[in-house]
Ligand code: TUI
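Read the single chain below, which is given as structure tokens and is the form predicted on its own.
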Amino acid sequence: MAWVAEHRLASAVSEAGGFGLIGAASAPPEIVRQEIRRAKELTDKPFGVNIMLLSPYADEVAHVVAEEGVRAVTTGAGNPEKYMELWKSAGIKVIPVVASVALAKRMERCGAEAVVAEGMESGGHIGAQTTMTLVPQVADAVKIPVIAAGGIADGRGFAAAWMLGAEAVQMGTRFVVARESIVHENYKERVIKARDIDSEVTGSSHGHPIRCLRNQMTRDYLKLEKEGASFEELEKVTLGSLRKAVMEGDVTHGTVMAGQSAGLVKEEQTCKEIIEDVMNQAERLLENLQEK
């Protein structure tokens, strides 16, 4: 959710009853600090920050979130163990994103308050297991709460995640098209018009698979991958491409990150409408199940 999950969207999600996250991605520490403070101006509800541990600024951003006193930190693309003591001493709940049972168990031992079990259906960087198989195995393996992510866009996905052992869900793709999202209208339209077969994975050849919607960029990238292009050559294809899509609206040559749930996203709504839709549908389904 780099370039997407900034202070306006995060605060709007929290105001609507969810738990909003600012995506730090590869942003410098002072930009992250600015985003946190701007979110605090828009909401008095709790929100958090997602830190991509591969970021060159990860160490500095880790200290920024502690200094700014955010309520929770989620982490991706790495192991957050070395920051645990810092964050916990600041009263921050640590919720790592995991793609395996082994990492979930390790995070529990290190003091994580919960884990996000994210399946390969999600947008952006992905693991190898599906949400359907990963969530119940993680739920069986740890005692801390499990949050399901990957391929969830409505109340049916929420109810399914609940039945698999999750206590909450994390959603990204549906919120990309939220009315409060700053994403370019071309990007939103591309997600809304996406079909079930429009999802593509690039980067598998060098161990960093990324799910996005197919376009000219993905075709060019996959052609180079098939020809055995080096990591450096492939990086040139995607350099700045996410920003190009999100901010400039170039959905032909930019990277349109979205999960396989894009085919379920049919309209632009406010964050409040999205959350109410998801929760109302999930509650009806779970109530019907109890009555049977």
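Position 1 is the first residue in the sequence shown; the rest follow in order. What you see is a predicted model, and the numbers here were worked out from it, not measured in a lab.
The next section is about a form of this same protein that is not shown, the form predicted together with the ligand.
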Next item on the list: Would you confirm whether the three residues 21, 42 and 178 all fall within 4.5 Å of the ligand in the model of the complex, going by non-hydrogen atoms?
Entry: no
Check: Only one of 138-146, 193-201, 214-222, 117-125 gets a heavy atom within 4.5 Å of the ligand in the model of the complex; which is it?
Finding: 117-125
Item checked: Contact of residue 239 with the ligand in the model of the complex (heavy atom, 4.5 Å) -> no
Note to self: At 4.5 Å between heavy atoms, is residue 99 in contact with the ligand in the model of the complex?
What the structure shows: yes
Margin query: Taking the ligand as it sits in the model of the complex, is residue 52 near enough to touch it, meaning that at least one heavy atom pair lies within 4.5 angstroms?
Written below: yes
Next item on the list: Verify the contact flag for residue 76: yes if a non-hydrogen atom of it lies within 4.5 Å of a non-hydrogen atom of the ligand in the model of the complex, no if not.
Entry: yes
Notebook entry, point to check: Looking at 132, 86, 72, 210, which is the one with a non-hydrogen atom within 4.5 Å of the ligand in the model of the complex?
Noted result: 210
Notebook entry, point to check: Here the chain is shown alone; which of 160, 110, 103, 168 has a heavy atom within 4.5 Å of the ligand in the model of the complex?
Noted result: 103
